[in-house]
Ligand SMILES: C[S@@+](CC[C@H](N)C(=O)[O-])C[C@H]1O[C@@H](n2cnc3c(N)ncnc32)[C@H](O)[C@@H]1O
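The chain below stands alone, shown as structure tokens; this is the form predicted alone.
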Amino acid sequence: MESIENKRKEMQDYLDAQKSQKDRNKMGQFSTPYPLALDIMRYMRKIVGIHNASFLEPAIGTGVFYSAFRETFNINNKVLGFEIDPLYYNPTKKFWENTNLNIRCANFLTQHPDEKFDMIVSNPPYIRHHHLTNESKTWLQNQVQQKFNIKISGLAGLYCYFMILASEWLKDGAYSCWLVPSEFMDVNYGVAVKKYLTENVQLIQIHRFNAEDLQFTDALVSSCIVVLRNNKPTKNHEVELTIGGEITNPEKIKKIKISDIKPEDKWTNLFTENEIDISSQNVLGDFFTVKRGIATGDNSFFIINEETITRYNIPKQFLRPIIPSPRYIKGNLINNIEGLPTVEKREFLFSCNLPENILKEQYPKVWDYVKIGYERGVNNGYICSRRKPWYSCEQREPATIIVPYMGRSDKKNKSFRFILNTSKAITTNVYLLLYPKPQYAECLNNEKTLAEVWRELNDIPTEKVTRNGRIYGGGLRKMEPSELMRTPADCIAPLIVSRTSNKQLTLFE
């Protein structure tokens, strides 16, 4: 068996090399490592409980799960696989031609079951929504709506449809196991998947790999394994949530009643809620409004250095100092000289609202720079094409506290840091900006209070800040404004509320 698997892996590597990384991304073609496939099959052998189980693989590729299946189950069992790409289908069919594998070259999602199976195991293609045609999306959405009365977002990746629609191929009481990106547990489009898992089938287990433990060497994605049974759920049914290690030997196990799992919740929090004190009467959104920095439409054109400013004689009224990427910010404090940030890489935002005819006449050198944007097609970009003039960027006030919207944690650094910005510089959308709510603005204008709040924010444990965000492969975490606003903030409440109340009382003395 080992020699057969070695040959299959050689074929896999050869076929993968025939495509660019970009093309494989569009098709979601990332093969499961054999040790992981074998561990999953051993787990399935344990829960399915029958040696002669029939097996369906909706996205078979070169057959890594079939290879593991042959190692674990009866090699004469009924097996059916689908592969949409002829580049993989033809060699795979030939490779396994002397086995019991029946393989069809077809789009699994458009097929109707002519038989049903004891188990499905699959790593469905991770194709993001923008690689799906509008026609395909609409058809898939209608299928989910008609068959399960679930409205699924157009932002859902293709793997979501595999998980939901494949159940038609399962016998009653049969199992399916899905190796999928863990992001569905936290993002908005995942609500439909979670509704299906809690209301239409019996969710058995979700196994989360540690964020730093990438399962795919050629794809930066945080993975999980979802196991379900084709039965209606019962109120007292318990779901196993496991973390780390292998699914057959996880590092942590937690059991939770299905009635306590809501589709609207962030499910990654369910794995650790009992371990972290998340009780809080106040959240960051009580005191701050959080916004993303500006989206220029093309940073390479709109973010310029002093050399470009000099070359095109760009006047100050068309410039705003801008804070560079977080990787250029050392520490959590940005000092200033005459309002300009004292950073290693000094940059400015170019933005002009003058009509073209006036710009040409009054600032011919600036017009020369704008013409470069035309030559590069910057004006035709999605954001720029919706602005008048296209070279006029959004107006935004500087924020005194900013947070990089993505990061990784290690022994020295937290995933997210609260940076005190004392300059007049604004930021692009790689930062989240904290603006005090009107009732607290005067209080937070006090330098001493602001400094104390800033220090308290940086002392909030990483787990409390990141629990509302999203995690990707390699430990990469991302945070949207609404997610950051849900960060527990009891630590800053006494500093802000008491001093605001005292300030208001003095008005009546």
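Predicted model, so just to flag it, every value in this text is computed and none were measured. Each residue number is its position in the shown sequence, starting from 1.
The protein also exists as the form predicted in complex with this ligand; that form is not presented, and the subsequent description refers to it.
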Exercise for the section: Go through Ser54, Gln29, Ser67, Thr449 and name the one with a heavy atom inside 4.5 Å of this ligand in the predicted complex. Expected result: Gln29
Practice task
Examine Trp178 and determine whether its closest non-hydrogen atom to this ligand in the predicted complex is within 4.5 angstroms.
Solution key: no
Problem - is_contact(Gly381, this ligand) in the predicted complex, heavy atom dist at most 4.5 Å - result: no
Handout entry: Ile84 within 4.5 Å of this ligand in the predicted complex, heavy atoms
Key = yes
Exercise for the section: Determine whether any heavy atom of Phe108 comes within 4.5 Å of a heavy atom of this ligand in the predicted complex, and answer yes or no. Expected result: yes
Problem - Contact stretch among 41 to 49, 480 to 488, 59 to 67, 453 to 461 - heavy atom within 4.5 Å of this ligand in the predicted complex - result: 59 to 67
Practice task
Check each residue of 147 to 172 against this ligand in the predicted complex and list those with a heavy atom within 4.5 Å, in sequence order.
Solution key: Leu158, Phe162
